[in-house]
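A single chain comes next, written as structure tokens; it is the form predicted on its own.
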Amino acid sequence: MRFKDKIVLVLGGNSGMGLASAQAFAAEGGKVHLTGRDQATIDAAVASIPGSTGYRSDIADIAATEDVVAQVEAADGRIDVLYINAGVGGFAPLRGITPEDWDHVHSINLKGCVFALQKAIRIMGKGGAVVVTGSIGAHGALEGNGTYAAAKGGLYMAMKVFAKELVAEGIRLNMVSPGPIDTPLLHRNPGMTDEQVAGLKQMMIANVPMHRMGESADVAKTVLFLASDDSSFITGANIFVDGGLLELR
């Protein structure tokens, strides 16, 4: 019950790693608020988490995120734990990148996450904990991954700066960077067919030292560690949850 009486907001909590984390927070006593873009999956997520509240909100819409924070404040007065997990993929080689694709990925994976943090810390105080989903894609050169890597790489550096700024306020900020995790995000890469997604999965498995893809629960365990008092002397860290893919190359 590490999160008993804690108010938790999970941005992008309606599926995959966000949903697994939201469920785990609630199982350990947290009162969960979550967001997503699809009402059907939001409703299903809320139904699976007793006492939770869901909001339809796109993190790329800064005003919408600000409204969610205001609704959480009206309901519970504060946020103790913030998990910023919303994100999208996007594969294209250099010659195939369009300005529209670039802006779409960056508006969610970088700009939206930065301003979500800015809006949420308004109702966070000393002892608060923030976890942000990064990616090992920001730390390696995977062909076709330039747009996504640039967004997640920018997010990684921005969060390190913000972690340092928030020390004075008693708020810890850390990042979890998943490797190959079998989530719905894999099937939402623009321009990729089901066959290409299956091929991508096999390529990932072949390169992971543990010879498997991770599950959402693998990431959730790390998220809860970083959000709990178990990591009270950790801030500005980035933990790779990737089966050894990055560090054991």
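Since this is a predicted model, take the numbers as computed values, not measurements. Start at 1 with the first residue shown and count on from there.
Here the subject shifts to the form predicted in complex with a small molecule, a form of this protein not shown in this document.
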Exercise for review: Determine whether any heavy atom of G144 comes within 4.5 Å of a heavy atom of the small molecule in the predicted complex, and answer yes or no.
Suggested key: no
Check your understanding: Does L173 reach the small molecule in the predicted complex if we count a contact as any heavy atom within 4.5 Å?
Key -> no
Point to revise | 4.5 Å heavy atom contact, Y156 to the small molecule in the predicted complex | key: no
Review point. With the cut-off set at 4.5 Å between non-hydrogen atoms, does S15 touch the small molecule in the predicted complex?
Key: yes
Revision key, fill the gap. Answer key: of D43, E66, E28, D58, within 4.5 Å of the small molecule in the predicted complex (heavy atoms) is D58
Practice item. Can you check 83-91, 158-166, 70-78, 120-128 and let me know which stretch has heavy atoms within 4.5 Å of the small molecule in the predicted complex? Key: 83-91
